[in-house]
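Take a look at the structure tokens below, where one protein chain is shown in two forms, each on its own, as structure 1 and structure 2.
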Structure 1
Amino acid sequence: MASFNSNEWRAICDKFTNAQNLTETESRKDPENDPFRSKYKARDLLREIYCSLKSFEAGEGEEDSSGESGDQRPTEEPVDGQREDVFGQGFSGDSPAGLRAARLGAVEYYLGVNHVDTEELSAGQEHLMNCMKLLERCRVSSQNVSLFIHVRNQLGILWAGRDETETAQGFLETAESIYQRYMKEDGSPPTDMTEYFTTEENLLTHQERTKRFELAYTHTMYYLAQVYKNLGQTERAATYCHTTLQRQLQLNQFTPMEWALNAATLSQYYITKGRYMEGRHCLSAATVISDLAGEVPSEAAAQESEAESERREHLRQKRAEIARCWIKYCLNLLQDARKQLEDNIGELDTDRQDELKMARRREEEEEEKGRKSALLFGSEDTFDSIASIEEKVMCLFPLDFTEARSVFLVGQNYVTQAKDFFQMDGYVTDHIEILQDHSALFRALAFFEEDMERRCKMHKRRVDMLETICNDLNAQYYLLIRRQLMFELAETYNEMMDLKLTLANRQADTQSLDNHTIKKFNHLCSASAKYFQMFLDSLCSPEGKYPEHLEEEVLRPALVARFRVARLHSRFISSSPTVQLDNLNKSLENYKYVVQYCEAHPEAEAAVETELELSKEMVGLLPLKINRLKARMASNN
């Protein structure tokens, strides 16, 4: 830079530092009625720098012609696309001309960002495109590659903001491929854009250069994740989220708790896709990284200072959140395994069980390969700890009770952890959600239990954990949760009733059930009916009127509840004909409701196909039964 004397150059550097400072620090303190004051000041400084550089260029008198011809080209479509030729053509980025272009480009870049920040988007776009044009004349080199990527990141953000996601995608994907090709072909720590305007003695270290460059590319990944999300390409988006996280970890550019929560959330994506190996990996990494956030301050320490108390609350809550993601992992794994193993009446299909066990043995060898192709997290320090957490729970579907129990126990352990923070007093909703998961874990485990008596006890545990809460909850504020609980309790009692009957029939081997069993059976039956009825009553208006039209979300549950109540009433065991008659009438009434509702609202039919069919049948049959009973009662009298 021969023509600048060192004083002139120093003045430019100072202006630049000043502009950076105004943009990043001062602008946060700007008053509400003048929100962009500092940014406007920064803009003026950048313009001055631009003029100085430009006049210097004019003085040099070279390369101007190529600049002019560049400007005269027709304005291009602002689509970047895959332009790989940036490595092949133009003059070298390291040449004086290349450096000059990069410097001017950088000022255009900062002006562009400044205009975007101050909500002058089209002006911002123009500056950023000027930067692109200046760079077009240069080959990618360690001098300018960082700017190549930054300007595309910004254009990506700009176009996505205008709902032109494909345009944004073009810029960002080019940035991605430029990075990759540069790393393959050169890979030396590139100049950071701020270094264009620093004096010799303030140049960055290689380490700092690498860090900044990699961060810019991490941002590219992060923006691409969002672009793919907006385009509906969820799988691709998830991969880019994963890459972003992995890069943050490797380059040590993350805050541990935030990272851990992101990884835990990503695990939930994988489990909804049934990809348990990846889900487990994310969760194990989340657990390991969350420990890097440090020890939870003790209760005593929390009482001493407010800061410690806040930190304690924060760390405990986030860990509890991760525990809850683990619960969902265990729960879904059990539930999916169940789906694989159940026969058409919901019992364990032993043939299928053997078949799957065989298949698993075959797959075990293949697993190793699959493992390697999957995306993994880890830096040198964390890799082993992550792997050791993974070992504690399986990621293949459990196929028998022992395996299911081991998954269940891990889940239950996380339930205890999560409840420790999300206590009933203070976190009612969260606490109950955890209890609901605990109940669901028991339900999934019960499927694998062959001993009916013990299975029944598991369901009893579910009732015990939910029943009191359901009755204690304020019915006004927790209407929706209570509906869920009532329905679940009703179903649990229903299930217990079925188990009792199967057991009794097995033992007695005759129709004659003893009094104790009958009493027990009727108790379960009425408990189930009671909760279904409570659920139905909760749908009533404040004046106590049952709705004529059922809302979409409650349509199926409400009709199913009616149907179940009908069945339950027909199943009560009683020797008294009057009670029998009463029950049958109630049953008929509820079956009729289902049929009549569907007649009046044909759109409801699809939601309750099987139930409707059976209800219709029963509406035909029950009156006969009732009449026969009536006749018998009359003749007895």
Structure 2
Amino acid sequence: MASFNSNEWRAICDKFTNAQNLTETESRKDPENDPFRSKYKARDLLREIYCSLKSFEAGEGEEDSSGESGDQRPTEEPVDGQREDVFGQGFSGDSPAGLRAARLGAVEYYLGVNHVDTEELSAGQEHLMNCMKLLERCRVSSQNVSLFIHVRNQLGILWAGRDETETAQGFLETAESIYQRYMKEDGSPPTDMTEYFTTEENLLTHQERTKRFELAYTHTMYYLAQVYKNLGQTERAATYCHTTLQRQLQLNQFTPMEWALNAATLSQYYITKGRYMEGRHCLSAATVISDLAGEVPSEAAAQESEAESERREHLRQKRAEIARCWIKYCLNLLQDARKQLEDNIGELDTDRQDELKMARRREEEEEEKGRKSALLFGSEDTFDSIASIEEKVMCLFPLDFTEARSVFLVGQNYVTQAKDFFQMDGYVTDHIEILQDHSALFRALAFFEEDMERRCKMHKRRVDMLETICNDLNAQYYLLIRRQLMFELAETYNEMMDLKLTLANRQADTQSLDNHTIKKFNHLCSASAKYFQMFLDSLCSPEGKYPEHLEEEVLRPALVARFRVARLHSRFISSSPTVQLDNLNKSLENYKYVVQYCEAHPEAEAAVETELELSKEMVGLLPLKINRLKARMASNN
């Protein structure tokens, strides 16, 4: 019989070290036509180790088979969580029987991972469940708690990959509860699984044991975040994702750009929940950590080396994606501020503005309390850098033009960064989405601008950035994007027209409208109607026939476009009765369409309640106006 201090045992330890080296290092060098060569060699070594351990067990098993409780091996596969108390039943972890079970379980674990890595999932599952069976004999202790958690992590990954999310959830939540109870009741640095096959002089330090154990639990958190996301539990998923990111920083176990992208993505969740302090913190941390990935290689370096070329492309793209998340932050902050401040006709409510300004001091105090209670990212090296980026943009709602402009300028700066990578040549869709966000930033800022002329100029900037692209895009390949652009251009011209009308009405109080003002107003009317009509025409069949039934995704836009076209035709300014009559007839025709479509399709009413009510009213009033105009024309003749 061999002892665990003999040469035979040292040979087993050497085999294990070789198996680990084959798995973690040599496998990266395997050729494409034999990608698992090293892992198959590692598997053979693990099988040899297993046989040797079984021979040890045969020689030593009689010594304490009667001295421990819980010796019965389960006859059924353990369902995770089946045993009520994995801490209070079974072999002691440091007993000979407990250590043998842990060693055999570890080999089963590594064989399971090996089979999963070589895409033999059923065999992998079998080995992992064998590990679970062996652990069923033992109480959780510092000698085996790491294995208890690792095997459940792997089974969680395995079942999640099969879309068996709830099964994965069971394994991972049990791993989480085992960690939490162990840390509460014991907390000492536990034995790492590799130490089952390590000679005494090569055992890990307490610090290294702690680091590896905490990393295993960090993986549990990460996998649970994915599971909760797939189960639709978004708030819980965000909490676990946030915890995972913080733990990765604390343990210094992360890839900078991957970490940064995950933090930036998490910010988008916080933004949708109106939690702008957390969103800003995630984005600031993402910006700082992404810098740890290093400088972007120059074009010259990229031309000389394929590796440098790929690195340049990777870094530029990922930083542009983070910039796009910043754009969304600024845009949503401005839009949500508008919702707080606008009155029932969409204009700035100055009473509400004053009220919110008075409440601002209290909000700032709440923000400071929130910062203290929040789980903040960073270490001594990065905390100050993250805070300095946070200071560049507010997380409270802007309440006036000056504050709104400061947010707008930050967003516009990130627009420039994002467009630098996502250019029209190669990234058409991304480039246009960034332009649409830039346009939306101008629109959000315009709400805070009190000067009508300056507000109009902001909308003109939106037209300038979208109009050429809309007209140049291939109608066949980019139909949906063109529809979005046509609708936005129509609405932008419409907003400009409303602003010009307001200015004209103010002017009319003191003097009559001049020809230049009328011409400008009619041009904006015509441009808006043109783009609404282009949008409607894009819904037609190749033969030019308008659909009898509007699909759900275009139902509201199409009916709103009809309503707006009707309204625009009734607002043209003309001294010619014939032109006036033509415009009123076109207006009536479009109002009638909205009413008749909703009568034929009652389910559409909910999509356009306000527009439908006004359309019905105009269908009743316009014929009277048309008849009066006709009578006047007849009498003049």
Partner chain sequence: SPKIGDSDSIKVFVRVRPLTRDTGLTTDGDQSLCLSVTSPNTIRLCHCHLCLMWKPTQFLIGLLSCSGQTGSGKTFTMLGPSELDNFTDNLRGVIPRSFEYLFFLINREVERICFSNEFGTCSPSPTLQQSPQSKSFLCKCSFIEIYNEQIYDLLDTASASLFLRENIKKGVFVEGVVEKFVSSAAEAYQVLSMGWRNRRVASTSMNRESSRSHAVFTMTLESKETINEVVNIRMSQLNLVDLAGSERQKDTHTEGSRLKEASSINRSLMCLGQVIMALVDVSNGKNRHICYRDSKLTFLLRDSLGGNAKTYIIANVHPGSKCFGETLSTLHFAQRAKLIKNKAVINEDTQGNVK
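Only the largest set of C-alpha atoms that superpose within 1.5 Å between the two forms is called the rigid core. Keep in mind the model is a prediction, meaning the values are calculated, not measured. For residue numbers, the reference is structure 1: its sequence is counted from 1.
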- request: Of these two copies of the chain, point out the form predicted in complex with the partner chain.
  value: 1
query: After superposition on the rigid core, does the Cα atom of Thr287 shift by at least 2 Å between the two structures?
result: no
- request: Using a rigid core alignment, state whether the CA of Met618 is displaced by 2 Å or more between the two structures.
  value: no
task: Please say whether, between the two structures, the C-alpha of Gly232 moves by 2 Å or more once the core is aligned.
output: yes
- line: Core-superposed C-alpha displacement of Glu119 between the two structures, in angstrom, equals 8.8
Core-fitted comparison between the two structures - CA shift at Ala106, Å: 3.4
